[in-house]
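Taking the form predicted on its own, here's one chain by itself in structure tokens.
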């Protein structure tokens, strides 16, 4: 490996200025390190869709001083609801009331992704030890025993003590650590937020509702104090299974949902069709770190969306990495990265695997669907047994303690 050309700064470079990268910058700066974030886009932006943040994320946002702002621009739903996409029947719900908030030391929030990103950008810009740069596509990374150097597509170079890859599902930084590729699930997603009045059919504006059915589901919830409405349609593509090149089309979307209950069929015309997202994840790996390089968020553990934990797990990464670097110098960064990876990978890997299982449960057909529905109908709405592992603080993970 070639030597780094210049002495490294006492700080970190974060490659990727999305939600996970900016949260990492905040947490690491809070641990006393200077941080430079390199974002390849010309500005910091997110698509016009919603995001769900469970208490394992909102506890951290409260610690970082962002929770009040996000509550103000978001929605605090009363319930998470599962309904049958075929019959329309409510199958079960989870109450998100005072008992829930007290148990998990934080609220459940739904908000616009761009509102979350804007809050993180503003928080980073308020920190003198955080530098944000846009239009910086990293094309080369060199590492030696003293630090790292990155070269960008415009020819500029940056040096630091270490580097964090926060560059998402298709991470170029990950390839330095793990030799694998994303796995296509065969499912495609259409999503977006529209003005509330554009949706002729919707459930209670107090609820986050997932309509589940054979090989498909449809999610609805309000955003921005109820001014916008977020809708997400996901389905297993028969066109993909047949090997067709152009699959998951709007025409297939309409065919797949045509047999759903009247409430779903009536809401579908308001769904945005201008973009579609193929759903990928990767196999969990035990280590995300190598020397002075580590990974966070989807670069480390991309997961299917069924547990709504992508951003939440990225926040946990950020908090854990900050805790690992607290009080450490540049000569200890490799050990800190290794400790962070060892601490976080078991839980993140568990979420990756459980997300796959949860998707299977939502999309089962036949007798399996009948048994699922019967079990859900018998469930107590205050039964927290199946979420404690995900939302609750754990004594072994100090960054999770509220």
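Numbering follows the first chain given and starts at 1. What you are looking at is a predicted structure, and each value in this text was computed from that prediction instead of being measured.
Missing here is the form predicted in complex with another copy of the chain; even so, the following discussion is about that form.
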Contact segment among 334-342, 357-365, 58-66, 24-32, judged by heavy atoms lying within 4.5 Å of another copy of the chain in the model of the complex: 357-365
Listed residue (372, 45, 353, 40) with a non-hydrogen atom within 4.5 angstroms of another copy of the chain in the model of the complex: 372
Stretch 377-393: residues contacting another copy of the chain in the model of the complex, 4.5 Å heavy atom cut-off: 378, 385, 386
